[in-house]
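Next comes just one chain, in structure tokens: the form predicted alone.
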Amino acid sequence: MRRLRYNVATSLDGFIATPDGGYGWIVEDPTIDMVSLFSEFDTFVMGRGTYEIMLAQGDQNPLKGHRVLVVSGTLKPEEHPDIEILGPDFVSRVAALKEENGKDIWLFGGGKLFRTLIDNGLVDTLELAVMPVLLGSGIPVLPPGDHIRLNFQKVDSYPSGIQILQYTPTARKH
């Protein structure tokens, strides 16, 4: 069974983007092997907002040529032939994706999608790349809802001050 991994950059104060969706605050660290990281995945799942940010990158889009599934109620398939658009039944579709053969699935963003998928027991790991940055406000890693207990797996530290924390979800606190 493939794993659904929420791998995301976050500020030290828990935001994955500025209030307007900006990500220019993310620290670059040449010692992080992004090629190796991307090779662990063959499928990327994201919300419409994250997809639009990737699309705006044009030829610099790191997902170009990969299997991309976007959760959206507004995107039209004929206008986005290179992706699969997931509608209201996206939770069951993501569950089915996990049953397919292949590499791991990268839950690429956003926070609301993460909340829904973790609440439905579909997220296998959280891999938070904590940046040495305080934003003060923005889009949170996890929108409000039930508490989620995590089991610590490991931490990787980098010269830039980035800490990549890995956890697996356990039980919810109600």
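Numbering starts at 1 and runs along the sequence shown. Keep in mind the model is a prediction, meaning the values are calculated, not measured.
Another form, the form predicted together with a further copy of the same chain, is not on view; read the next lines as being about it.
Using a 4.5 Å cutoff between non-hydrogen atoms, L134 counts as a contact of a further copy of the same chain in the predicted complex. Shown alone here, K64 lies farther than 4.5 Å from a further copy of the same chain in the predicted complex, counting heavy atoms only. In the predicted complex, a further copy of the same chain sits within 4.5 Å of a heavy atom belonging to P143.
Under a 4.5 angstroms non-hydrogen atom cutoff, a further copy of the same chain in the predicted complex has L128 among its neighbouring residues. For the three marked residues, M1, H80 and W106, no heavy atom of any sits within 4.5 Å of a further copy of the same chain in the predicted complex.
Taking a further copy of the same chain as it sits in the predicted complex, the stretch 1-18 comes within 4.5 angstroms of it through a non-hydrogen atom at L12, D13, G14, T18.
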